[in-house]
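Here's a solo chain for you in structure tokens, the form predicted alone.
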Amino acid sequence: MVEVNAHTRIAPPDACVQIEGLCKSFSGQVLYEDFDLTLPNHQFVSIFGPNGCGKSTLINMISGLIPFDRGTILINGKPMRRSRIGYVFQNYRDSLFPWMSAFDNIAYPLKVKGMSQRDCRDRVEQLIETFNIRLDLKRYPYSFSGGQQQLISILRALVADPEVLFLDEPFSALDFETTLFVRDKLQEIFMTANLPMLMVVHNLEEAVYLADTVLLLSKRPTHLVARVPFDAPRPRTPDTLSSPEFISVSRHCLDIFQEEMRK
């Protein structure tokens, strides 16, 4: 295991997200000050840190959902407004349109872009076939389980072929059984689509289990404390949780987190 110090600048030629000099304050209180971060393509990256450190705020700024005060954010070398971004919200119940069928919810980004009904149908059908999704898409969101609703949200985020997928605590509103279902499906999507994913989580086990890299953030004003790799082979299974490497990486991340909390 190799830990890369937060002050080491990493700029791989295939960088997916590049952040330089990012600054953000709320009501005069500094959250981020001259924050730099580079994330490579083709990785599943988890963000973990203390409550209130701005984990969700960070991906919301990267994805363009909230403004930042100063700095530069590029996705595949382009400004975010020229990039294709997928976003999965924390609360799947509020993010889906209850008056639309599951199909229309998934196809909504395509319809906003002006795609024809036939092309929308072809794209949605291709998506569910690729990921082996077995849902009756004529039904409305309220008739599905929580895990199925979150899966519909994920499919909606994927339908427009994004360059990067952002996930804001996708398991926080799910029970344990449903979390296992969505976690496995996310891993399957990542392995099939080879799509870079950036996920905020509040559970360290989830952060390590799915990730190629765990980003550990500090208390405010927030900076990157460390990026910790986890290179266990995929697909990861429940056996991964008891593997020596998983235990070692999780312990290492916990030690860093606890040290930060003592400051």
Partner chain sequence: MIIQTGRSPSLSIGSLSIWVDRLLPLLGVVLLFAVWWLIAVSGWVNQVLLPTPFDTLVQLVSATVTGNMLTDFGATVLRTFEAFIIAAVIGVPLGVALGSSERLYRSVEFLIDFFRSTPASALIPMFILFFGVSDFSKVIIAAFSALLLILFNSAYGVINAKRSRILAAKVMGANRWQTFRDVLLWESMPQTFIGLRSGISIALVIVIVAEMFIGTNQGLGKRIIDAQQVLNVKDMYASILITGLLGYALNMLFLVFEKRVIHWSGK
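The model shown is predicted, which means the values in this text are computed figures rather than measured ones. Positions refer to the first chain, counted from 1.
In what follows, reference is made to the form predicted in complex with its partner chain, a form of this protein that is not presented.
A heavy atom within 4.5 Å of its partner chain in the model of the complex is found for exactly one of Phe131, Tyr108, Phe144, Phe181: Tyr108. Scanning Leu74, Ile85, Ala173, Leu135 against its partner chain in the model of the complex with a 4.5 Å heavy atom cut-off leaves one residue, Ile85. Heavy atoms of no residue among Ser25, Phe44 and Lys55 are located within 4.5 Å of its partner chain in the model of the complex. With a 4.5 Å cutoff on heavy atoms, Gln148 does not count as touching its partner chain in the model of the complex; it lies far away. When contacts are judged by a 4.5 Å heavy atom cut-off, Thr222 does not count as touching its partner chain in the model of the complex.
A residue is said to contact a partner when one of its heavy atoms sits within 4.5 Å of a partner heavy atom; Arg118 fails this definition for its partner chain in the model of the complex, lying far away. At the 4.5 Å threshold, heavy atoms of Leu204 stay clear of its partner chain in the model of the complex, well away from it. Residues within 4.5 angstroms of its partner chain in the model of the complex, judged by any non-hydrogen atom, belong to 56-64 and to none of the other stretches in 56-64, 33-41, 205-213, 223-231. Residues from 99-116 that approach its partner chain in the model of the complex with a non-hydrogen atom closer than or equal to 4.5 Å are Trp99, Met100, Tyr108, Pro109, Lys111, Val112, Lys113, in the order they occur in the chain.
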